[in-house]
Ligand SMILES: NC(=O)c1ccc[n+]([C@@H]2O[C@H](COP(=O)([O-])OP(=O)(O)OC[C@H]3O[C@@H](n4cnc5c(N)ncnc54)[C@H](O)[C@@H]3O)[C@@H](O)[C@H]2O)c1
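We begin with a single chain expressed as structure tokens, specifically the form predicted alone.
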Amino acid sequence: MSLYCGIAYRRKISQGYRLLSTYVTKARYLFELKEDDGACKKAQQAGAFYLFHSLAPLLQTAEHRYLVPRFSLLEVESLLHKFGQDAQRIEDSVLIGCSEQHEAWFALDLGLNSSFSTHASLPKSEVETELQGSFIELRKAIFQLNSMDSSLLFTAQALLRWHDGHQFCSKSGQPTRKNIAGSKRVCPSNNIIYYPQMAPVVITLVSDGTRCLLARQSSFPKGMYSALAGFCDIGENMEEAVRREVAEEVGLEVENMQFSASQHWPFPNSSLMIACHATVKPGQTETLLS
């Protein structure tokens, strides 16, 4: 009886913790916004917006670092009105996250101008002057941003680029429509749903135990080297991709491989960068010197 009560008590505590978990409530809230256009539109009213121009985020300089300004819906609408556009352009925004207090965060690109869009590109220099910032290529700014800002901007840029490049149905050729959150696009003619995708990439540091192998491309700046990297092929698992890439690029056969970490990487498109360590078979270490 005491054992049963103990198990029941622990289960009750565990359930209570799950209900109170900030992560769980955030995840469920974001899922609701992605699935419910009405809830997402309501969240925009009290949400915050990150602004881009042709996929470059608006940044402000402060003490050799970049700050990422955020704007309310009213401020974005006022900006659009100032440059002769109406609030309908807000529908081009994408949901990129939320705070622990459930303040929803969105990203809006003021420069992307597709061939069939009714929204013209806003003048870059004039918007920069108005907002007291600069639209800076994300790759150039990455090391001067804090980790939270860079993660949000990575997500924003990847989603904005995906929507800009996937505006037509591959089956019918008809224009697709994004939902309010930007978590999917739907073809009205056949109801096919398209979701943003990212490609898995393995990046592997090869070692013989005491030395590491680095490589470079002819396009790299002088003195720049990299671990070996490549996209996973269809049908491959992570281990197979590492073995193949190392064999293709440097002619070595991997003996052991260990996963290290992963991160989203938006350059040049949206990728899941999977970092690994690998060792080569005995007797092949001489190749590392060539």
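Predicted, not measured: the structure shown is a model, and the values here were computed from it. Start at 1 with the first residue shown and count on from there.
FYI, the form predicted together with the named molecule isn't displayed, but the following is about it.
Item to check | Site test, L95, W105 and F154 vs the named molecule in the predicted bound form, non-hydrogen atom cutoff 4.5 Å | outcome: Heavy-atom distance to the named molecule in the predicted bound form: none of the three under 4.5 Å.
Next on the checklist: Would you classify T61 as touching the named molecule in the predicted bound form, given a 4.5 Å non-hydrogen atom cut-off?
Outcome noted: Output for T61 is no: heavy atoms all beyond 4.5 Å of the named molecule.
Checklist entry - Is there any non-hydrogen atom of G230 lying within 4.5 Å of the named molecule in the predicted bound form? => result G230: yes, in contact with the named molecule in the predicted bound form.
Item to check | Interface membership of A199, the named molecule in the predicted bound form, 4.5 Å heavy atom rule | outcome: Residue-level check for A199: yes, a contact with the named molecule.
Item to check | Contact of F220 with the named molecule in the predicted bound form (heavy atom, 4.5 Å) | outcome: Although the named molecule is absent here, F220 would touch it in the predicted bound form, with heavy atoms inside 4.5 Å.
Item to check | Which of 52-60, 37-45, 244-252, 65-73 sits within 4.5 Å of the named molecule in the predicted bound form, heavy atom basis | outcome: In short, 244-252.
Item to check | the named molecule: the contacting residue among I203, L122, L138, C169 in the predicted bound form [heavy atom, 4.5 Å] | outcome: It is I203.
Next on the checklist: Residue by residue through 242-275, which ones have a non-hydrogen atom no more than 4.5 angstroms from the named molecule in the predicted bound form?
Outcome noted: Contacting residues: E245, E249, W265, F267, P268, S271, M273.
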